[in-house]
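First, one chain by itself in structure tokens, the form predicted alone.
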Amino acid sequence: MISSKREMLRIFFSSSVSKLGVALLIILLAFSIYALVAFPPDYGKLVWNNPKAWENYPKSAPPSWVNFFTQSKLFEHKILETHEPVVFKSPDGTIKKLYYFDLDYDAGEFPKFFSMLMKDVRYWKSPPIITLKLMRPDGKTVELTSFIVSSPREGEKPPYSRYEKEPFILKIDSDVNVWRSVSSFLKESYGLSFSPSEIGKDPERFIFGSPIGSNFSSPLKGKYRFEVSVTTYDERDSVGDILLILGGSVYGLLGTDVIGRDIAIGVLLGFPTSLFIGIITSVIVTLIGCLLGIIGGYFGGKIDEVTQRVSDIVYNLPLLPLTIFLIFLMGSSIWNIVLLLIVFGWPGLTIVTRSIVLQLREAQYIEAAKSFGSSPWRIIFKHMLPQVMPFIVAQMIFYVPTFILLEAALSFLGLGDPSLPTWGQMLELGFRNGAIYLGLWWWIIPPGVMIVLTAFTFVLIALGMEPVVNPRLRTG
């Protein structure tokens, strides 16, 4: 019998299995806390499940680190952000703001697409003029495009606000003006004749290509500089963010899915959801199951009879099919999932706890406590519960991976909460979109590994609790 909590902890941490499990749990909790702090609560609904939020990201792109295993380096997706502009004021009152973006190009392929994104433009008099130039590594400069922000509407009063809610996206590679500009640039700089329609078939090849052999078959490597010029007519005019987006073949730590979502973000967001469902459900199920088992086992009679009959009925119900049916009726909410897992999860622990209490009830120290006039509740909490507690804690820990896997199974079947990204949902979306057949392994492996690793963590902790619960397993 363990005499104190300190002794229980000493026995638990004497095992290397326990130490590994606790170390992994700390890592999982750290990632969960970071996800909760770094992302707003409505991120899943407003961003993760919003295809428009990911339209500037590459689709089905593998992780960037695959470049370590390729002969020719793939182009990594780039999002170039603005810094403080260089400002020039003219005597006529116009103000020119120059934004510079630098790119060190060393890939063996061309970008997949090229876009410019602009947010929150405000002006007081005339609309600003936007010009985009590119300075290539060979010293040549090409003015890709120029346009004017939309004019004031009838009845609109200054300041005139544009692109405040929805950013303005200019697809450089599909802009006819860009095709014409590049066509003129090639004629003037290299004496090469390509019609705008020819350039429009693959604009990136001509914008970033080397003119060697007149075929532009390989990219021109080196340092590129983009210049975005914003000409305004009032000192109060302002521009929010300007982004240049160069679509790549690889992206980030874990790649993207078919709509461009960053899989690393999805995996990170799955940490708090999975741990919340596993831990909260396990704690509540353990409390209910153990409380009913202790009460039924100690008091006996009708209380025990009712508890056992209800436990037997619920315990023998098919959990997964019934849960699927009820979630289909009630709705795919995380609270409905937790509620149903609790409703059907407690009977097994009640039955086992009752059998332990039946043995403890006949112990001599329990009889002695009764003879001294101790109340039933004092006997339960003072004498029985400390003896059952190690078993309760071990079962609570062991239940966590069970409920995590159940939630993953429900999400894989399309019954998870759509507002919360989970690992099971990522697997379900991957299988539904043919990730295995298309070879998108980076979409399937990370969430699958995290489900297994999280379950394995709590299995290790549960194994470490076995010597605490069972004295015969202690080595010293």
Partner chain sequence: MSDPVIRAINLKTYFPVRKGLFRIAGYVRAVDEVSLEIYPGETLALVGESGCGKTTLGKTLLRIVEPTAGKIFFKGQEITNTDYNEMKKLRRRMAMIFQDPYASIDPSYSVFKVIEEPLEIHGIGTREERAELVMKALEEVRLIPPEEFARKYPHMLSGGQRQRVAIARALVLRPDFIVADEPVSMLDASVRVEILLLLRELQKKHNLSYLYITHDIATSKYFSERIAVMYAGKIIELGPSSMLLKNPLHPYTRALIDAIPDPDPSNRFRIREVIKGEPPDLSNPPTGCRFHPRCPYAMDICKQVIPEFKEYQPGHLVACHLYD
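Not measured: the values here are computed from a predicted model. Residue numbers count along the first chain shown, from 1.
Beyond what is shown, the protein has a form predicted together with the partner chain; the following relates to that form.
*Asks:* Considering the partner chain in the model of the complex, find the one stretch among 204-212, 134-142, 182-190, 370-378 with heavy atoms no farther than 4.5 Å from it.
*Replies:* Single hit among the candidates: 370-378.
*Asks:* From the list Ser146, Gln387, Thr231, Ser126, which entry has a heavy atom within 4.5 Å of the partner chain in the model of the complex?
*Replies:* Only one listed residue qualifies here, and that residue is Gln387.
*Asks:* Looking at Arg361, His383, Lys112, Lys221, which has any heavy atom no more than 4.5 Å from the partner chain in the model of the complex?
*Replies:* Comparing distances to the partner chain in the model of the complex, the residue within 4.5 Å is His383.
*Asks:* Looking at the partner-bound form in the model of the complex, is Glu305 within 4.5 Å of the partner chain by any heavy atom?
*Replies:* Yes, Glu305 lies within 4.5 Å of the partner chain in the model of the complex.
*Asks:* Does the 4.5 Å heavy atom contact test between Tyr365 and the partner chain in the model of the complex come out positive?
*Replies:* So Tyr365 counts as contacting the partner chain.
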